[in-house]
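The chain below stands alone and is given as structure tokens, in the form predicted alone.
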């Protein structure tokens, strides 16, 4: 199994003003990720507003990303849904188009209560794409499913043949460390919290998936490089600059709609967001630009 290393972006899905998917903009997004040495794209996830799209739209977006990705950009297709049948259809489609892997969050309406129940659901999804590595997308703040990821690995390790690992998006670093150490590092546990990437590196993360890597990859590359050479002070400084940017993101709401405002700052217009999300108004967008400029964002923003 080829693990995901370095930065993997969770791309925004471009929408037109009338709400339709604007797949024509994906080529520039993919090119920017490659230019900024991002190694993968986790498409149709939370940042990509996947659960706000129809199955047909998600398939269209996945197809376009796979078609536009360079040999240096591996596409992971998120297939999570409240409907098991739709999850399976999306997973089978991801395998058909040649994606690198499939990811799936827990169902978030009727929630599994035990690791065994979560395993049973995800095993059905993974079986629809048996030739692809399968990742459980652990994001309790969105799904409300708080089963420790390490408990899931314990239950699923020998029940999901193509289980490759976990996309771990949570602040529970003890759980993350347990996943990394599970059976001597058997699984690929990709770190999913941009604001504490440095902590993830200290606990053994080799790859990270996040939304801000779409428009600020250079500052995270700087943090990773400093950590690898043992310069903790420089790594902390880089993480601090990234966190100042994330602070602005959160002050304006923190949603994918706000992330799309940051994308416009670097010259990549991803259009509007799907309801119930609302794009920033002109005054808000100008205020965001001013705050970003004041903290030096354009010194470490991604290139286009």
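Numbering follows the first chain given and starts at 1. Please read these numbers as outputs of a predicted model, since none were measured by experiment.
One more form of this protein exists, namely the form predicted together with a further copy of the same chain; it is left out here, but the text below deals with it.
Looking at residue 121, you'd find a heavy atom of it within 4.5 angstroms of a further copy of the same chain in the predicted complex.
Looking at residue 93, you'd find every heavy atom of it more than 4.5 angstroms from a further copy of the same chain in the predicted complex. Looking at residue 52, you'd find a heavy atom of it within 4.5 angstroms of a further copy of the same chain in the predicted complex.
Taking the partner from the other structure, a further copy of the same chain in the predicted complex has no heavy atom within 4.5 Å of any heavy atom of residue 35. Interface residue among 201, 127, 100, 97 relative to a further copy of the same chain in the predicted complex, by the heavy atom within 4.5 Å criterion: 201. With the partner left out here, a further copy of the same chain still marks one of 69-77, 111-119, 207-215, 129-137 in the predicted complex; by a 4.5 Å heavy atom cut-off that stretch is 111-119. Of all the residues from 256-286, those having a non-hydrogen atom no more than 4.5 Å from a further copy of the same chain in the predicted complex are 256, 275, 276, 277, 278.
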